[in-house]
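The chain below stands alone and is given as C-alpha coordinates, in the form predicted alone.
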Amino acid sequence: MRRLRRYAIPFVAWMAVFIVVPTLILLFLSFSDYSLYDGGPFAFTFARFEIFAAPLVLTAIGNSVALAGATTAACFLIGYPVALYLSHLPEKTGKILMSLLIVPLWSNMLLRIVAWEKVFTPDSFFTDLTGLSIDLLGSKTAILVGMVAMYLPFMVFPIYSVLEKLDRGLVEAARDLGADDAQVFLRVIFPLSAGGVLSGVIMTLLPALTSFVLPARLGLGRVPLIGNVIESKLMKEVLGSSGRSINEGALVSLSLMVLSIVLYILATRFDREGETLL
(Lines give C-alpha, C1' and ligand atoms only; values in the text may rest on other atoms or scores of the structure.)
Protein backbone atom coordinates (compact mmCIF):
# COMPACT_ATOMS: atom_id res chain seq x y z
CA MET A 1 0.00 0.00 0.00
CA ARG A 2 2.88 2.38 0.68
CA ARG A 3 3.94 2.11 -2.95
CA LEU A 4 0.52 3.45 -3.98
CA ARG A 5 0.67 6.52 -1.75
CA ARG A 6 2.42 8.60 -4.40
CA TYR A 7 -0.64 8.26 -6.61
CA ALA A 8 -2.65 10.14 -3.98
CA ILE A 9 -0.36 13.19 -4.19
CA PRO A 10 -2.43 14.96 -6.92
CA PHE A 11 -5.60 14.49 -4.85
CA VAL A 12 -3.92 15.76 -1.69
CA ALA A 13 -2.57 18.78 -3.58
CA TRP A 14 -6.02 19.49 -5.03
CA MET A 15 -7.58 19.27 -1.56
CA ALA A 16 -4.95 21.61 -0.13
CA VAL A 17 -5.31 24.25 -2.84
CA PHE A 18 -9.08 24.28 -3.27
CA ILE A 19 -10.37 23.28 0.19
CA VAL A 20 -7.80 23.76 2.95
CA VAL A 21 -6.40 27.10 1.76
CA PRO A 22 -9.83 28.74 1.13
CA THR A 23 -11.03 27.50 4.53
CA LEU A 24 -7.99 29.01 6.23
CA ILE A 25 -8.64 32.30 4.42
CA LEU A 26 -12.24 32.29 5.64
CA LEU A 27 -11.04 31.60 9.17
CA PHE A 28 -8.43 34.38 8.94
CA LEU A 29 -10.94 36.95 7.66
CA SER A 30 -13.68 35.95 10.12
CA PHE A 31 -11.57 36.79 13.18
CA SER A 32 -9.57 39.75 11.90
CA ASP A 33 -9.96 43.32 10.72
CA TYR A 34 -7.75 42.72 7.71
CA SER A 35 -9.09 43.77 4.31
CA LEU A 36 -8.54 41.16 1.62
CA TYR A 37 -8.58 43.77 -1.17
CA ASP A 38 -7.28 46.94 0.51
CA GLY A 39 -4.69 45.35 2.79
CA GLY A 40 -3.81 47.26 5.93
CA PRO A 41 -2.85 46.22 9.45
CA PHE A 42 -3.99 42.95 10.98
CA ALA A 43 -6.04 43.07 14.17
CA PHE A 44 -7.62 40.05 15.87
CA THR A 45 -11.27 40.78 16.68
CA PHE A 46 -14.65 39.23 17.47
CA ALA A 47 -16.47 42.34 16.24
CA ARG A 48 -17.73 40.58 13.11
CA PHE A 49 -20.10 38.47 15.23
CA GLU A 50 -22.29 41.58 15.50
CA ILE A 51 -23.60 40.73 12.05
CA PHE A 52 -25.75 37.98 13.55
CA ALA A 53 -27.70 40.70 15.40
CA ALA A 54 -28.42 42.72 12.25
CA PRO A 55 -32.15 42.78 11.35
CA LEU A 56 -31.51 41.75 7.73
CA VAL A 57 -29.40 38.77 8.78
CA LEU A 58 -31.92 37.67 11.42
CA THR A 59 -34.68 37.86 8.82
CA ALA A 60 -32.55 35.92 6.32
CA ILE A 61 -31.76 33.23 8.89
CA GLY A 62 -35.43 32.90 9.79
CA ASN A 63 -36.46 32.68 6.13
CA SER A 64 -33.70 30.17 5.37
CA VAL A 65 -34.56 27.90 8.29
CA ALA A 66 -38.30 28.05 7.54
CA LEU A 67 -37.97 27.42 3.80
CA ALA A 68 -35.25 24.78 4.18
CA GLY A 69 -37.32 22.98 6.82
CA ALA A 70 -40.47 23.13 4.70
CA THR A 71 -38.52 21.95 1.65
CA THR A 72 -37.03 19.03 3.56
CA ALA A 73 -40.42 18.04 4.99
CA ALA A 74 -42.10 18.22 1.58
CA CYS A 75 -39.30 16.22 -0.06
CA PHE A 76 -39.61 13.57 2.66
CA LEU A 77 -43.40 13.32 2.35
CA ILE A 78 -43.12 12.98 -1.43
CA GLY A 79 -39.83 11.13 -1.66
CA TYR A 80 -40.32 8.35 0.89
CA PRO A 81 -43.44 6.88 -0.79
CA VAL A 82 -41.69 7.14 -4.17
CA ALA A 83 -38.59 5.34 -2.85
CA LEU A 84 -40.75 2.71 -1.15
CA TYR A 85 -42.70 2.10 -4.34
CA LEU A 86 -39.56 1.85 -6.48
CA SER A 87 -37.96 -0.58 -4.02
CA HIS A 88 -40.86 -3.01 -4.48
CA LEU A 89 -40.60 -3.02 -8.27
CA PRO A 90 -38.56 -5.58 -10.20
CA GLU A 91 -34.89 -4.60 -10.10
CA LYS A 92 -34.66 -3.67 -13.78
CA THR A 93 -37.82 -1.55 -13.70
CA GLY A 94 -36.71 0.19 -10.52
CA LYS A 95 -33.33 1.04 -12.03
CA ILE A 96 -34.97 2.51 -15.12
CA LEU A 97 -37.32 4.71 -13.11
CA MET A 98 -34.49 5.81 -10.83
CA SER A 99 -32.50 6.82 -13.88
CA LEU A 100 -35.41 9.05 -14.92
CA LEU A 101 -34.96 10.92 -11.63
CA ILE A 102 -31.27 11.35 -12.38
CA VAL A 103 -31.72 12.69 -15.94
CA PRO A 104 -32.88 16.22 -14.86
CA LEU A 105 -29.69 16.55 -12.79
CA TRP A 106 -27.65 16.34 -15.99
CA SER A 107 -28.99 19.71 -17.11
CA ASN A 108 -27.66 22.97 -15.74
CA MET A 109 -29.41 23.96 -12.52
CA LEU A 110 -29.79 27.55 -13.70
CA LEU A 111 -31.70 26.37 -16.75
CA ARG A 112 -34.13 24.47 -14.54
CA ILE A 113 -34.57 27.53 -12.33
CA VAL A 114 -35.27 29.72 -15.38
CA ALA A 115 -37.84 27.16 -16.55
CA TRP A 116 -39.71 27.47 -13.24
CA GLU A 117 -39.37 31.24 -13.50
CA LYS A 118 -41.20 31.11 -16.83
CA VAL A 119 -43.92 28.87 -15.35
CA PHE A 120 -44.52 31.36 -12.52
CA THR A 121 -44.71 34.30 -14.94
CA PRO A 122 -48.23 35.40 -16.03
CA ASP A 123 -49.03 34.86 -19.72
CA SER A 124 -46.16 32.40 -20.15
CA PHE A 125 -46.02 29.31 -22.36
CA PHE A 126 -47.57 27.45 -19.42
CA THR A 127 -50.61 29.70 -19.77
CA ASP A 128 -50.82 28.91 -23.48
CA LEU A 129 -50.71 25.16 -22.77
CA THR A 130 -53.09 24.96 -19.80
CA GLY A 131 -55.03 28.22 -19.81
CA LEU A 132 -53.85 28.85 -16.23
CA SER A 133 -52.08 32.07 -15.33
CA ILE A 134 -49.72 31.70 -12.37
CA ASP A 135 -48.19 34.80 -10.80
CA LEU A 136 -45.94 33.60 -7.98
CA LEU A 137 -42.63 35.30 -8.73
CA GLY A 138 -41.28 37.15 -5.72
CA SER A 139 -43.08 34.94 -3.20
CA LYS A 140 -41.97 32.30 -0.72
CA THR A 141 -44.31 29.83 -2.43
CA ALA A 142 -42.33 30.10 -5.67
CA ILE A 143 -39.06 29.54 -3.81
CA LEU A 144 -40.50 26.55 -1.93
CA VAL A 145 -41.84 24.88 -5.09
CA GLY A 146 -38.55 25.49 -6.87
CA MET A 147 -36.51 24.04 -4.01
CA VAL A 148 -38.66 20.93 -3.78
CA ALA A 149 -38.30 20.39 -7.53
CA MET A 150 -34.52 20.88 -7.35
CA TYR A 151 -33.74 18.78 -4.29
CA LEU A 152 -36.36 15.99 -4.33
CA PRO A 153 -33.99 13.47 -5.98
CA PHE A 154 -31.50 13.93 -3.14
CA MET A 155 -34.15 12.67 -0.73
CA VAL A 156 -35.20 9.73 -2.88
CA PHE A 157 -31.74 8.33 -3.69
CA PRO A 158 -30.48 7.45 -0.17
CA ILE A 159 -33.86 6.16 1.01
CA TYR A 160 -34.18 3.94 -2.05
CA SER A 161 -30.61 2.71 -1.50
CA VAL A 162 -31.56 1.44 1.96
CA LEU A 163 -34.98 0.06 1.10
CA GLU A 164 -33.60 -1.82 -1.89
CA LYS A 165 -31.21 -3.73 0.40
CA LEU A 166 -33.83 -4.39 3.08
CA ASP A 167 -34.11 -8.04 4.06
CA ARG A 168 -37.61 -9.04 2.92
CA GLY A 169 -37.48 -11.97 5.32
CA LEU A 170 -37.90 -9.53 8.20
CA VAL A 171 -41.11 -8.21 6.67
CA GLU A 172 -42.43 -11.73 6.13
CA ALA A 173 -41.52 -12.67 9.70
CA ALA A 174 -43.45 -9.67 11.02
CA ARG A 175 -46.50 -10.65 9.01
CA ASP A 176 -46.24 -14.25 10.24
CA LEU A 177 -46.31 -12.90 13.79
CA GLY A 178 -49.60 -11.15 13.11
CA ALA A 179 -48.47 -7.60 12.25
CA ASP A 180 -50.69 -5.66 9.87
CA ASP A 181 -49.38 -3.35 7.12
CA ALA A 182 -49.18 -0.30 9.39
CA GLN A 183 -47.29 -2.19 12.10
CA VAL A 184 -44.90 -3.69 9.56
CA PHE A 185 -44.10 -0.25 8.23
CA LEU A 186 -43.80 1.52 11.60
CA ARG A 187 -41.91 -1.23 13.45
CA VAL A 188 -39.82 -2.83 10.70
CA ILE A 189 -39.48 -0.92 7.45
CA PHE A 190 -39.22 2.68 8.67
CA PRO A 191 -36.79 2.02 11.58
CA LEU A 192 -34.50 0.04 9.26
CA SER A 193 -34.55 2.87 6.72
CA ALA A 194 -33.80 5.59 9.29
CA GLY A 195 -30.19 5.90 8.10
CA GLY A 196 -31.34 6.63 4.55
CA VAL A 197 -33.91 9.12 5.82
CA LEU A 198 -31.26 10.97 7.84
CA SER A 199 -28.91 11.09 4.86
CA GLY A 200 -31.73 12.35 2.66
CA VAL A 201 -32.63 15.03 5.19
CA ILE A 202 -29.04 16.27 5.34
CA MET A 203 -28.56 16.15 1.57
CA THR A 204 -31.76 18.17 1.12
CA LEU A 205 -31.49 20.53 4.08
CA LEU A 206 -27.96 21.83 3.47
CA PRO A 207 -28.37 22.97 -0.16
CA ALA A 208 -31.81 24.38 0.63
CA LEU A 209 -30.35 26.27 3.58
CA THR A 210 -27.51 27.81 1.57
CA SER A 211 -29.23 28.39 -1.79
CA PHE A 212 -28.88 31.86 -3.28
CA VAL A 213 -29.41 31.64 -7.07
CA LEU A 214 -32.87 30.08 -6.79
CA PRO A 215 -34.32 32.62 -4.31
CA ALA A 216 -32.70 35.45 -6.25
CA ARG A 217 -34.47 34.37 -9.46
CA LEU A 218 -37.78 33.00 -8.19
CA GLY A 219 -37.98 35.36 -5.22
CA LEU A 220 -36.83 38.40 -7.24
CA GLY A 221 -34.65 39.34 -4.29
CA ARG A 222 -37.70 40.11 -2.15
CA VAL A 223 -37.17 37.16 0.20
CA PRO A 224 -33.68 37.42 1.69
CA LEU A 225 -31.99 34.12 2.56
CA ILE A 226 -28.67 33.51 4.23
CA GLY A 227 -27.06 32.57 0.90
CA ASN A 228 -28.08 35.93 -0.56
CA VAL A 229 -26.62 37.72 2.46
CA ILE A 230 -23.27 35.97 1.94
CA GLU A 231 -23.28 36.82 -1.76
CA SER A 232 -24.07 40.48 -1.11
CA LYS A 233 -21.39 40.76 1.57
CA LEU A 234 -18.73 39.28 -0.69
CA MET A 235 -19.73 41.27 -3.77
CA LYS A 236 -19.89 44.64 -1.99
CA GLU A 237 -16.16 44.72 -1.34
CA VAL A 238 -15.37 43.22 -4.74
CA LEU A 239 -17.24 46.14 -6.32
CA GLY A 240 -15.30 48.65 -4.27
CA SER A 241 -17.59 49.24 -1.30
CA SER A 242 -15.98 50.54 1.83
CA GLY A 243 -15.84 48.62 5.08
CA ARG A 244 -15.10 44.98 5.78
CA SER A 245 -18.18 43.33 4.34
CA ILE A 246 -16.19 40.40 2.99
CA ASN A 247 -15.05 39.59 6.54
CA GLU A 248 -18.68 39.42 7.62
CA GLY A 249 -19.52 37.22 4.66
CA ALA A 250 -16.60 34.95 5.53
CA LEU A 251 -17.87 34.57 9.11
CA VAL A 252 -21.38 33.63 7.98
CA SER A 253 -19.92 31.17 5.45
CA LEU A 254 -17.72 29.63 8.13
CA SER A 255 -20.73 29.23 10.41
CA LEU A 256 -22.60 27.31 7.70
CA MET A 257 -19.52 25.17 7.14
CA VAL A 258 -19.44 24.26 10.84
CA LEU A 259 -23.14 23.38 10.66
CA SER A 260 -22.46 21.12 7.67
CA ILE A 261 -19.68 19.32 9.56
CA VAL A 262 -21.92 18.80 12.59
CA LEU A 263 -24.69 17.34 10.45
CA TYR A 264 -22.21 15.08 8.67
CA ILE A 265 -20.88 13.77 11.98
CA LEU A 266 -24.46 13.17 13.09
CA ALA A 267 -25.13 11.19 9.91
CA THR A 268 -22.03 9.04 10.32
CA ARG A 269 -23.13 8.05 13.82
CA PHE A 270 -26.23 6.48 12.31
CA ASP A 271 -24.54 5.23 9.15
CA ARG A 272 -21.08 4.08 10.19
CA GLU A 273 -20.45 2.21 6.90
CA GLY A 274 -21.43 5.18 4.76
CA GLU A 275 -23.82 3.16 2.63
CA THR A 276 -26.42 5.88 2.29
CA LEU A 277 -24.17 8.95 2.05
CA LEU A 278 -23.96 9.51 -1.69
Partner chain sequence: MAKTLITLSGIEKSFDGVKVLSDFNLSIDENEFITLLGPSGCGKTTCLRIIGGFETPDAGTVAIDGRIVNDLEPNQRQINTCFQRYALFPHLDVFENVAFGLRIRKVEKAEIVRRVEETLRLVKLEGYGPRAVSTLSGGQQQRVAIARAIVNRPKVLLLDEPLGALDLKLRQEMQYELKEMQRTLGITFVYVTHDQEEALTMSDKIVVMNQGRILQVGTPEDVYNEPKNRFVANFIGESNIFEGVMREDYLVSFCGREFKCVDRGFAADEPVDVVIRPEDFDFVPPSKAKIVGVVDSLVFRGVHYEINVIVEGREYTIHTTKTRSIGDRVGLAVDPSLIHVMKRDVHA
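Computed from a prediction, not measured in an experiment: that's the story for all the values here. Positions refer to the first chain, counted from 1.
The discussion below concerns the form predicted together with the partner chain, not included here.
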Problem set entry | Contact of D180 with the partner chain in the predicted bound form (heavy atom, 4.5 Å) | yes
Exercise. Do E172 and the partner chain come within 4.5 Å of each other in the predicted bound form, heavy atoms counted?
Worked result: yes
For this session: Give a yes/no on whether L144 approaches the partner chain to within 4.5 Å in the predicted bound form, heavy atoms considered.
Result: no
Exercise. Would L192 sit within 4.5 Å of the partner chain in the predicted bound form, counting heavy atoms only?
Worked result: yes
